[in-house]
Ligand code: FRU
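First, one chain by itself in structure tokens, the form predicted on its own.
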């Protein structure tokens, strides 16, 4: 066994032992997934299989900064409580394991499945760093598991796709019923394109089409994601959503994500909107490389999880012994609006099982509120407040903007790009503001207008900052209706 692989297994074992602790370090989220220790970024390979939701994630087994990228692994029965497992796909021979996806090969199209049972197949980007004699290389590779994802074997004939490029990454693979084949969406980052490939066996891939450039193109395109959703106002009709990460150059600076709605016929994605229109999945600074679960039950809405961080300052956030965490799982839908179809995101229903009667001084809580605006020009809340420390979540009526302002949220000094006021356009239906806010020690996720707007931001308040205060400016609102719960710990 190579020394590096042995060290990886040792650290993974120590990670499991750490889970017997209370996960009570300063800033440790209580109902969002974070690894026991070390660095994490993108979620990977989200899949449901034999009663378990699998969350793989970019992970450094050797430290709390980016490097030695491997796939960490956690499982859940309910998408709420997670159990961290040993590293699934380790870096070996200097080749890192970048972002990718996992599918259930129901009929053994790959030939990897033992016996007559389905197996898991991971499709990931392998990254070979540059050397004196050659540039860096990114290729698409396979690994498979016949024991419910506990152990993995890398395909002996990897890579299965090699364009001899330094930037060619993040495959999302799904089964197309219409085309009766596997389809891969993979990013050509510098070309601002998503390329689609088709395969009958996951091993041999043929080019189908390219999408892009379109929308926002001021940074590299990464982490493509393709999924189908019903249209709310048209029973029996669906549209496809193509989501693409952008880094840097996102709306609020650094990394962020856009989406397109359209038709996908198993070969080509056709955008519903003009190529100049940019639709953002999240208006905060801290939701990136969000992916949906493959193989969900037919009765279940698509569910997405993102990395709650931003490449501008991800290496500097003041957490230890871990660095990086995930958003809550979000159920997805499409809503018909006067502007067209728009993506809707809401926390999954099963999170409600964590609700407890509000405890004074809680720093992990949920707020649901309805605010008749009256003649007020601005309304909002000071959250995680104490003295001059607070985060504002509010609505500016004149600008028709929802905002989260973390410039006074606590520790903002670790990076110049962290202090920020993030905004989202919000044309209210009437004069009533409806909000759902999830606060979890070091994060605030805001969902407005029943999920049409999402804003996700990290915050790092002092431990004493736990106050909640409603405010208004420029007039008086109507009677505010609100509910507050303390959220229990998943650890």
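Positions refer to the first chain, counted from 1. This structure is a prediction, so every number in the text was calculated from the model and none was measured.
There is another form of the same protein, the form predicted together with this ligand; it is not shown, and what comes next is about it.
J.: Even though the partner isn't displayed, in the model of the complex is residue 326 close enough to this ligand, meaning a heavy atom within 4.5 Å?
T.: Residue 326 lies outside the contact set for this ligand.
J.: So in the model of the complex, does any heavy atom of residue 41 sit within 4.5 Å of this ligand?
T.: Yes, contact at 4.5 Å.
J.: With the partner left out here, check for me: in the model of the complex, does some heavy atom of residue 182 sit within 4.5 Å of this ligand?
T.: Output for residue 182 is no: heavy atoms all beyond 4.5 Å of this ligand.
J.: Taking this ligand as it sits in the model of the complex, is residue 98 in contact with it (heavy atom to heavy atom, 4.5 Å or less)?
T.: It does: once this ligand is placed as it appears in the model of the complex, residue 98 has a heavy atom within 4.5 Å of it.
J.: Flag this candidate site as yes only if 280, 334 and 449 all have a heavy atom within 4.5 Å of this ligand in the model of the complex; otherwise mark no.
T.: No: no residue has a heavy atom within 4.5 Å of the partner.
J.: Work out which of 169, 243, 285, 330 lies within 4.5 Å of this ligand in the model of the complex, going by heavy atoms.
T.: By the 4.5 Å criterion, the partner-contacting residue is 169.
J.: Select from the listed residues 47, 69, 455, 459 the one whose heavy atoms reach within 4.5 Å of this ligand in the model of the complex.
T.: It is 69 that has a heavy atom within 4.5 Å of the partner.
J.: Which among 401 to 409, 337 to 345, 169 to 177, 191 to 199 is in contact with this ligand in the model of the complex, heavy atoms within 4.5 angstroms?
T.: Careful reading of the contacts points to 169 to 177.
J.: Can you name the residues of 219 to 240 that have a heavy atom within 4.5 Å of this ligand in the model of the complex?
T.: The stretch 219 to 240, when checked against this ligand in the model of the complex, contributes 222, 223 at the 4.5 Å heavy-atom cut-off.
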